[in-house]
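Only one chain is included here, represented as structure tokens and corresponding to the form predicted on its own.
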Amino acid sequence: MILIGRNLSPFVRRTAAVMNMVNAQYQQKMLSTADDQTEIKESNPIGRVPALILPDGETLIDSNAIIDYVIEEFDTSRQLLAIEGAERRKILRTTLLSHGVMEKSVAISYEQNRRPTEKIYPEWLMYLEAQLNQGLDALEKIASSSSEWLHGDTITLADITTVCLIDYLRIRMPDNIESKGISALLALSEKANAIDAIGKTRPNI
């Protein structure tokens, strides 16, 4: 299998980390959406990452769809995501909350770094930042009330997604990450990154 995209993208990184956790063998093509659009569009017509090319040539797009496939095929113990019931719904809720905050953080980064300064819309940027902070507050509450991992004594998809979010914020918003009151989330990041399958996907910036 071939994973398309760089781990600087938190969406690519969460996919790579999940694949490592379940020992799914793959190669990674470190393509950037900023510099490699032509090649990326060969796998995804809209030029987004990640994409996963399967051995038979089928291509999956979007981290959620790819991870769904990877867990179904390789996570035989269903450690990362329960197959059904309340536990599955709980993990998915936190996962998708983290994924939503991830989307807001990427949108803020694009607004601040890719748009000409004179064309930045301050009210829109403030709205995105409010959404990000509200989401972080909700995730911090979950992390603060957890003893081991976010949902029990084993790591799940919710933890991996949340850690990829926090590490992305550390890269893109290093000056104010410590002021956001997310000590439990920062501790979760350090704990998860101590696991080689996750830590080795951490971008070197």
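The first residue of the shown sequence is 1; numbering continues from there. Quick caveat, the model's predicted, so the values are computed rather than measured.
Here the subject shifts to the form predicted together with a small molecule, a form of this protein not shown in this document.
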Practice item. Quick one: from 28, 146, 59, 64, grab the residue that has a heavy atom within 4.5 Å of the small molecule in the predicted bound form. Key: 64
Point to revise | Proximity to the small molecule in the predicted bound form, single hit among 49, 155, 136, 142 (heavy atom within 4.5 Å) | key: 49
**Study point:** Residue contact check: residue 87 to the small molecule in the predicted bound form, 4.5 Å heavy atom
**Key:** no
Check your understanding: residue 103 near the small molecule in the predicted bound form, any heavy atom under 4.5 Å?
Key -> yes
Point to revise | Close approach of residue 121 to the small molecule in the predicted bound form, 4.5 Å, heavy atom | key: no
Check your understanding: Can any non-hydrogen atom of residue 110 be found within 4.5 angstroms of the small molecule in the predicted bound form?
Key -> yes
Exercise for review: Go through 20-28, 6-14, 177-185, 192-200 and give me the stretch that gets within 4.5 Å of the small molecule in the predicted bound form, heavy atoms only.
Suggested key: 6-14
